[in-house]
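Read on for two forms of one protein chain; each stands alone as structure tokens, with the labels structure 1 and structure 2.
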Structure 1
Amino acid sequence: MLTIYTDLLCIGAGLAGERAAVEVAGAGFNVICLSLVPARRSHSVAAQGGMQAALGNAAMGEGDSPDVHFADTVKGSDWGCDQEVARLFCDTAPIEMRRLASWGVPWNRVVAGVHTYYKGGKPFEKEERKEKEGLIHARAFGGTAKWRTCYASDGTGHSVLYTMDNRAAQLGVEVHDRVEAISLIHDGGNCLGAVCRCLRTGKLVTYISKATLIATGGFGRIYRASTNAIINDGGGLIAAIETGVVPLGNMEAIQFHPTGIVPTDILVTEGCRGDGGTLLDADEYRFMPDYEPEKAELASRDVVARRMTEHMLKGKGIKSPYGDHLWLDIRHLGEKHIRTKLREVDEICQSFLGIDPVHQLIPVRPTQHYSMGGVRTNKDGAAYGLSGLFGAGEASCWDMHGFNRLGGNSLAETVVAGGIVGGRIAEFLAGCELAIRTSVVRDRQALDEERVKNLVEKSGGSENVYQVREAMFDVLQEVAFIYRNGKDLESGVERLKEILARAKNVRLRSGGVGANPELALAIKLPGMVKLAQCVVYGALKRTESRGSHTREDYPERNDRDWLTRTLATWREGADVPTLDYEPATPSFELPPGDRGYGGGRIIPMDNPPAGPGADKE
């Protein structure tokens, strides 16, 4: 088996992975990034709306600061985040946006003068100041007190990823595309690299590294209806949880984006609502102000998705062959705005729906979009359980999002966390000498070779891999979507136990070891079902509602008992994960309180922390 050595092995070549790679390569170390697709096709490229950073350049962003951004982020998380990490992120984000500009990102810029903007479908005027002309502009996003989402029309991910890939190439970062990590090599205490599979030839390759970074993005494709690319099936998280010692954090915290188009579930950006778009029901009535009088369509994503679902359950949805949906109306924004600042939305609507959003309504409904959970790391990005293993981006639980993330915070997190974690990896490598027991590597290689051989040679097994996946889809769609309850979740746990046994008993209908999607799925399917079980089992045990986790039978946010982070570890031979808990944050800069939107009752902490300055009375 071919063995390749490097200082840093980055599993994933999206924004988080390449930003960390740039930092490490800039410090003089060798870096290899693995990617299922060419780096510029990583799912980061699909991000549309923008990146949050408190620059305060826009007229509607005046008075913004990292403090205001921090408060919005903590409230958006429903107090489920690590406030130390949220503070680190908010303070660093403005620096990173300016750094990206210096590397070549074509941010939209402030144009001085009087401009029209829309709120709730109605036009208003704002005046951009002359002294701010040419600085990075911002748009409105949900759950924010100020306009702070930096953007490049609605192709922000595209612009930033292409810029980052250029920067990585300049620094000599190697990208090995169409290569998938199928397991981590470790000795129980140290991560030593990964066994990978070439998706072209099917051959296994071993990568030995001093440090390994998991940056594989989200795992939304364990759901049937998701905005995620098909490559977002949780490969990095599967490799981590299969170690038996690396926990995944907050896996029950799944975000459902309000505006996936029907029927494809492709995302249309929150920028549509940030720029003034409205949500309409079957009567073309704008209903969100009835539920959220202050924030309306610009409440946080968990709240808007929940209100939309609630409204459809009242019979106000539009009937279609694909189920009920609602309308997104951006017609009033005008042709010039839609064809320029929302041009990707325009192209998506015309290409996938055959409609022109300048003149027609867009059919939308909530769909799985983002995973707040992931490989649990500390504030430096170091994974729990194994030295030398790190995580960044959506694949990690860093944890600045808690139980709901604000739009624009995730895309910004990729580069902010990527830079911070990359710096910590460089420090780790500076003092690292790798000692490897060759037997550890050989044993891991042998296990993976046997696993693939058994599938290819059709040794035993009777289950169809696609039918097993559909069964997993059914469970998540039925019990772990926007609304959850104990009875359904208990049923889901038992069903997933059976599905896991089936996933370990598949038989391929195809042949060949190379470019074979059935084989690729069969290798990952048991791990995908384990991720699904982490979601469902974690949701069952969390008897409260917080952020995107909504329990019909426990509607209160329970700060007394559940101001915690779930840690899920999978022991060998188990059919459910072992769950442990840790405090959501080591300290409170912003004590728990009301978010200001979303409603709901709160069960307070028995001994709430005193606010800043309380000891100075």
Structure 2
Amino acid sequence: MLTIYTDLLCIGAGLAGERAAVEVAGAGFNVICLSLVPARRSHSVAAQGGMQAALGNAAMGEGDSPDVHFADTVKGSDWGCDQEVARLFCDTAPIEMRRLASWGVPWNRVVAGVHTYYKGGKPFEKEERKEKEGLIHARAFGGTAKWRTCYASDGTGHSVLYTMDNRAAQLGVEVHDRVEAISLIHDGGNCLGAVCRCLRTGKLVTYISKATLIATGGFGRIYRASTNAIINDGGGLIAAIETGVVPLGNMEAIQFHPTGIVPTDILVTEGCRGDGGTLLDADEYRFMPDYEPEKAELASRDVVARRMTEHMLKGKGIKSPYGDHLWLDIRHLGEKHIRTKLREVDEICQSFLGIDPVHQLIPVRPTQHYSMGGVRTNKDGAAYGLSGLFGAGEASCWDMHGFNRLGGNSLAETVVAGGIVGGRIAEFLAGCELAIRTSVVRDRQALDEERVKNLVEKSGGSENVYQVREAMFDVLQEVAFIYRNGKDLESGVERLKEILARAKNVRLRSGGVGANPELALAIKLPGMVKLAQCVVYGALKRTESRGSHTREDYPERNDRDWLTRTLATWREGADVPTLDYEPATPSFELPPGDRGYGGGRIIPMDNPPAGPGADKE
């Protein structure tokens, strides 16, 4: 088997991976990034909105500071985040935005003068200050007190990722694309690299490294309906949990977005509703005011998504070959508004649905959007359980998002965490020498070779890989979507146990020769089912509602018992993960309180920490 040595093996070449790679390569170390697709096709490219950083240049961002950003982030997380990490993030974000500007990101800039903006379909005015002209501008995003989201037109993720990859190319970071990490090599205490499968030839390749970074992005594709790229199936997390010693944090914390289009679940922006769009059911009846008389369609993401699901469960959804959905109606906003202010939505409707939103209804349904959980790391990005293993970006649970991340905070997290964790990795690498027991490597290679061989030679097995995946989709859609309850989750756990057994009993229908896609799925399917089980099992055990995790049978946020982070580890031979819990945050800068939106009852902590200013008494 081909073996490649490097200082840092960076699994993932999205924004988080490449930002860390750039930092480590800049410190003079040898870095190889792996990616399923060419680096620039990583899903970071799809983020359009922008990234939050308290620069305070925009008129509507005046008076902003990392402190305000911090408060927004902690409230957004429903106090589930690690506050030290959130603080680190908010303080560093402005510097990273400027750094990106120096590397070439074409940020939109402040243009002095009076400008019009839209809210609720109505125009308002604001005036940008002359002395801020030419500085990085910002736009509005949900859940923030200020306009704080830096953007490059409607392609922020694209421009930032392209800039980052340019920088990586400049520093000589190698990117091995079409390579899939399928397992980590470790001796129980240290991570030594990964066994990978080349997606050009189908051959296995071994990478040996002093440090390994998991930056594989979200795992949304364990759900049927997800806004994520179809490659976001959790490969890095699977490798981590298969070690048996690395825990995944808060896997039950999954964010859903109310308006993914049907069939392909591409996201249409919240701006549609922000500007006055409404949701209609099968009878073209506007149902949201019945549920949420005050805010209607403009309630928070989780609330709207919940109500939509509830309404469809009542049989009010529109039937389609792709499942039930509802309608988004923006026709009344008028042609001019739609073609200019909602251009992106107009384009998506025309190119992907073949409908004209000026005259037709848009089919939408709530859709998985973001995974707050992932490989649990400390604030240096070091994974729990193995030395030399790190995590960054959406794949990690660095944990600044807790149970709900704010729009614009994740893209910003990728570069901030990438930079910080990259710095820590460089420190780790300095003076690090690797002692490798070759048998450890050989054993891991043998295991993976065996796995692939069994599948290709069709020894035993009977299950169709796509059908097993459908079964997993069914469970997650039914029990671990927006609304969760003990009874369904329990049945979900049982069903997933069976599905896991089926996933290990797959028989390929194709030859499995070369870069065979069926084989690729068959290799990772058992791991995907395990991730699904972490979500469902974690959700079952967490008997409270916090952020995006909503239990019908436990509607209150329970700070007394659940101000904790779930840690899921998969012991060898087990059929469910082992769950442990740790405090959500080592210290409180902002004591638990009301978010100011979303409502809901809170069961307070027994001994609440002192609030800010408490010591002044």
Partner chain sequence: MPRNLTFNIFRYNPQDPASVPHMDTFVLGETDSMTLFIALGRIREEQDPSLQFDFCCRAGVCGSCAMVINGRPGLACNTKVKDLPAEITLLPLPFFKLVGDLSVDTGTWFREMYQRVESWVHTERVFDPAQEEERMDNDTANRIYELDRCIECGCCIAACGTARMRKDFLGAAGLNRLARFLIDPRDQRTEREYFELIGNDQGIFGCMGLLACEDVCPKRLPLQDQLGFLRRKMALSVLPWKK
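Here the structure is a predicted model, which means the values were calculated and not measured. So that the term is clear: the rigid core is the largest set of C-alpha atoms that superpose within 1.5 Å between two forms. Start at 1 and count along the sequence of structure 1; that gives the residue numbers used here.
- Here the form predicted alone appears as structure 1, and structure 2 shows the other form of the same chain.
- Hinge motion between the two structures is captured by two rigid parts, the smaller swinging by 23° against the larger on C-alpha superposition.
- Core fit done between the two structures; CA of E310 shifted by 5.6 Å.
- Summarising the core-aligned comparison between the two structures, the C-alpha atom of I355 is found to shift 3.6 Å.
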